[in-house]
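Here's a solo chain for you in structure tokens, the form predicted alone.
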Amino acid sequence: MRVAFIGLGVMGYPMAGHLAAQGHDVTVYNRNSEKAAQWVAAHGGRAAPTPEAAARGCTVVMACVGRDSDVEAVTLGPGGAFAGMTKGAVFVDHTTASAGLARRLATDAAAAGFGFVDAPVSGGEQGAKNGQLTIMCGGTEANYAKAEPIMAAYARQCRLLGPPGSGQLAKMVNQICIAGAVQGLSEALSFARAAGLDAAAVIEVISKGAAQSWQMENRHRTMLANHYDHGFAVEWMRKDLGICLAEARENGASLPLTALVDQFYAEVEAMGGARWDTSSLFARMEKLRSGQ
């Protein structure tokens, strides 16, 4: 199938690669044209000079960029993809963005005769490279049915959760859970050290019980070693938590823990950790424990 992928960052580059590996005819666009040329050299296909040119003639167009403003730029801005979309095609946004933007873009797309699916992903850089992402989707059943077989190239789990915006809301639930889990693990490791325990040995025991989590299994060793270079950065988590907190103000949900963890991440940024991964909450705990 003829598809386009807009945004070749840490996530988008391998995701687009999986589409090519599945035999799709892929056109890519990236703000940095050198990165697009590099992708074409590695995977074939072609690079387009604008999102509009990339989208032209494609059945499904994917995007994975940074923030709401970036999504608006590649869809509605000058040379944006929406101007090149074919009637009956579907635009799939893998960016973690606001639900309000997803609803607005779905409305604009429908008025122009094509579909829109908000489809934020979870699984990080490794999940993208391995084609094992979890994809949370919002949209109509008809549009999802067109997009799902294409997304299957890089999905471990893909599900339609409701009308436009539902995928973004589900991703907010995901980020709220992660924030609490990482803070809890950080406090536990810091407490173990303060109590004079072998923290790694303790985790080996309790990870076989009710305290087990993905964060515990995959991050406790690197946290104890002060290694925070495992992908999803603090500055991006703060962006996501900001979206969660803004949505909560609209729907009346109470997110006291999420708000508190966001403040803790702000402290990590002040420590110079904006590009550290999210497990760096432990670095803040260790700083407090040492009295620095």
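These numbers come from a predicted model, not from an experiment. Note that residue numbering begins at 1 and tracks the sequence as displayed.
Missing here is the form predicted in complex with another copy of the chain; even so, the following discussion is about that form.
Colleague: Should the three residues A110, N130 and A142 be counted as contacting another copy of the chain in the predicted complex, with contact defined as a heavy atom within 4.5 Å for each?
Modeller: No, because A110, N130 and A142 lack any heavy atom that approaches another copy of the chain to within 4.5 Å in the predicted complex.
Colleague: Going by a heavy atom distance of 4.5 Å, is M237 a contact of another copy of the chain in the predicted complex?
Modeller: No, no contact at 4.5 Å.
Colleague: Though only this chain appears here, would A266 touch another copy of the chain in the predicted complex if you measure heavy atom gaps against 4.5 Å?
Modeller: Because no heavy atom of A266 falls inside 4.5 Å of another copy of the chain in the predicted complex, the answer is no.
Colleague: Counting only non-hydrogen atoms and a 4.5 angstroms cut-off, does G184 reach another copy of the chain in the predicted complex?
Modeller: The answer is yes: G184 has a heavy atom within 4.5 Å of another copy of the chain.
Colleague: Contact between R156 and another copy of the chain in the predicted complex at 4.5 Å, heavy atoms?
Modeller: It does: once another copy of the chain is placed as it appears in the predicted complex, R156 has a heavy atom within 4.5 Å of it.
Colleague: Go through 145-153, 85-93, 68-76, 164-172 and give me the stretch that gets within 4.5 Å of another copy of the chain in the predicted complex, heavy atoms only.
Modeller: Within 4.5 Å of the partner lies stretch 164-172.
Colleague: Of the options C244, A48, C58, A63, which one has a non-hydrogen atom that comes within 4.5 Å of another copy of the chain in the predicted complex?
Modeller: In short, C244.
Colleague: So which residues in 255-286, when you check another copy of the chain in the predicted complex, have a heavy atom no farther than 4.5 Å from it?
Modeller: The stretch 255-286, when checked against another copy of the chain in the predicted complex, contributes L255, P256, L257, T258, L260, F264, M285 at the 4.5 Å heavy-atom cut-off.
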